[in-house]
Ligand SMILES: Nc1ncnc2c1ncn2[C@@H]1O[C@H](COP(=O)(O)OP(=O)(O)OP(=O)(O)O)[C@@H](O)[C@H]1O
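A single chain, nothing else alongside it, follows as structure tokens in the form predicted alone.
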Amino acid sequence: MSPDPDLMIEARGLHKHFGDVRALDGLDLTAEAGQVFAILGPNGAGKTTFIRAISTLTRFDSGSLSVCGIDVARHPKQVRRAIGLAGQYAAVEPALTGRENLRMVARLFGHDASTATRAADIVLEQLGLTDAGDRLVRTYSGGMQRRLDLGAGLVGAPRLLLLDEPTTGLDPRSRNDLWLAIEDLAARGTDVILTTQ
């Protein structure tokens, strides 16, 4: 397969086994760029395995997979530069402020100090967290922590944001706020793939 640069994701015959468990069993899937793409299914359906394969955290056994036109098996470093990832639980440091968390992640993406500060400020604004940016994350509500976690996935300016069950454990209001933030990100041009039940 020659990767199609117009597709956000292109999977052909993707297999991943964990012992006798077939997490991915010949998955064929394409997702066009410029949208929010949801992968629905019950627990154990292979959603997280697929997200981990896209993000290069899990190697698939056979088949082919491209992300933003980049072959995952051949060019994993290029794929990692093109994506942002937020898992099922907030992965932010509660002893730091929201702004400090985002600056730290931006620096890990290779930004210099001033660029990291600008990127953090932009993401805080995008997610409606500017007023809370200088508060310690441990004082944030669960919904605010999830939005900050989204921000950590965005601060490197990815072409594609991967969200694995982003509303897990949130109350209805926080869940709604998070969906609104995701819609806003998509409207601003970030492609999103998310898993949910």
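Here the structure is a predicted model, which is why all the values come from computation and not from measurement. All residue numbers are counted from 1 along the displayed sequence.
One more form of this protein, predicted in complex with the ligand, exists but is not displayed; see below.
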The ligand isn't shown here, but in the predicted complex, which of 146-154, 64-72, 28-36, 45-53 has heavy atoms within 4.5 Å of it? 45-53
Please check if V21 has a heavy atom lying within 4.5 Å of any heavy atom of the ligand in the predicted complex. yes
Sequence-ordered list of residues in 161-197 near the ligand in the predicted complex, where near means a heavy atom within 4.5 Å: E165, Q197
